[in-house]
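First, one chain by itself in structure tokens, the form predicted alone.
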Amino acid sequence: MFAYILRRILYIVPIALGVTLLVFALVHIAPGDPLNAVVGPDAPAEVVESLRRAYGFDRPLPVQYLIYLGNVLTGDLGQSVATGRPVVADLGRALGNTLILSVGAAIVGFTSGILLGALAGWHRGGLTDRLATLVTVIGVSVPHYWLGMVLVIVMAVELNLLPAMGMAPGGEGWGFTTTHLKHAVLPVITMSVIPMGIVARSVRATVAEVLQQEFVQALRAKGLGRGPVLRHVVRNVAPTIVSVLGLQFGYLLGGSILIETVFSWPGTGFLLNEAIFKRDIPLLQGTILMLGLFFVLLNLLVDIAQAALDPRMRRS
């Protein structure tokens, strides 16, 4: 097991370097000059040039990348062009806020998805399977930003039951109080719908496939009840489900830009949206890089968890 973990850790080193290269290249391929977007088109040329030298934009791209890579390795993601604040500070606060939504959406979406998928797979072809399939199809088909706006109109505007935007009144920080939890209800529900549908469909297919295998038929032929058979099914389903849950949690972190924009939730998605419109390259690079590296780390943890659940994975 230790050799497997060490091998997987070594694999992510070139992947992480590739992520830094892609982030650097993609941001610089985008049209427009970020400094002109900040200082305006009427700024004196000497001011723009001094800022260009200060941020290192006057150097060749390979040199800029090596400097950028060295700064990343030391934990320095630069300063925001728009605000002048360290990117790490802004990104740290935003990542914490996004984790609040992602963890909440994962709890709601994964729990409901596993239950729906397990019921559908266990009762394949029955009424329960049809109803669960209908719910999952709706879940993966409805655009989450549209659902968010509908929830705001119904729950916040028409019924006035829940707040429509923000983390707390007056822009306060997060705290586990009733007021803060009310602000998180709508975005959490909105974010949980798509992973609920995907997880349910994956669990349903996996459970149905395992139930058709010969060892399950043999267990039933021996007279074992539902409980022992279910335990064996869970052990065989778990590695696949862990992989799906890990990927979906990564998508929750990286795909929250529209949800956070709809609900004005100051997370990484909201920060990324501002960085795009302001052409704030250091902030844009730092946010994308952090999300990309987090996804790589999450895949590593999923591989380790799969290997712990299924020893056959360690041979790959």
Partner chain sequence: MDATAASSPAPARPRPVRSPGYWTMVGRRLRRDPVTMACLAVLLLIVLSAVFADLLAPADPYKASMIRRLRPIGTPNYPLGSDELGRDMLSRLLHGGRMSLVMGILPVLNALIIGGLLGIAAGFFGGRLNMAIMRTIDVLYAFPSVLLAVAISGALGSGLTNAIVALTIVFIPPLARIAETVTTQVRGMDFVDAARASGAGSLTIIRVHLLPNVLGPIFVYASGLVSVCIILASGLSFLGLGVEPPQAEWGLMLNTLRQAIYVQPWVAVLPGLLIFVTSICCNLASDGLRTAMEVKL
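Positions refer to the first chain, counted from 1. Computed from a predicted model, the values in this text were never measured in an experiment.
Beyond what is shown, the protein has a form predicted in complex with the partner chain; the following relates to that form.
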Q. Which of 154-162, 212-220, 233-241, 82-90 has heavy atoms within 4.5 Å of the partner chain in the predicted bound form?
A. 154-162
Q) Is there a non-hydrogen atom of Ile257 within 4.5 angstroms of a non-hydrogen atom of the partner chain in the predicted bound form? A) yes
Q. So in the predicted bound form, does Ile288 come within 4.5 Å of the partner chain, heavy atom to heavy atom?
A. yes
Q) Closest heavy atom of Val137 to the partner chain in the predicted bound form, within 4.5 Å or not? A) yes
Q.
Does any part of Ser141 reach within 4.5 Å of the partner chain in the predicted bound form? Heavy atoms only, please.
A. yes
**Q.** in the predicted bound form, the one of Leu22, Ala308, Leu301, Ile9 near the partner chain [non-hydrogen atom within 4.5 angstroms]
**A.** Leu22
**Q.** in the predicted bound form: members of 276-302 within 4.5 Å of the partner chain, any heavy atom
**A.** Ile276, Phe277, Arg279, Leu284, Ile288, Leu291, Gly292, Phe295, Val296
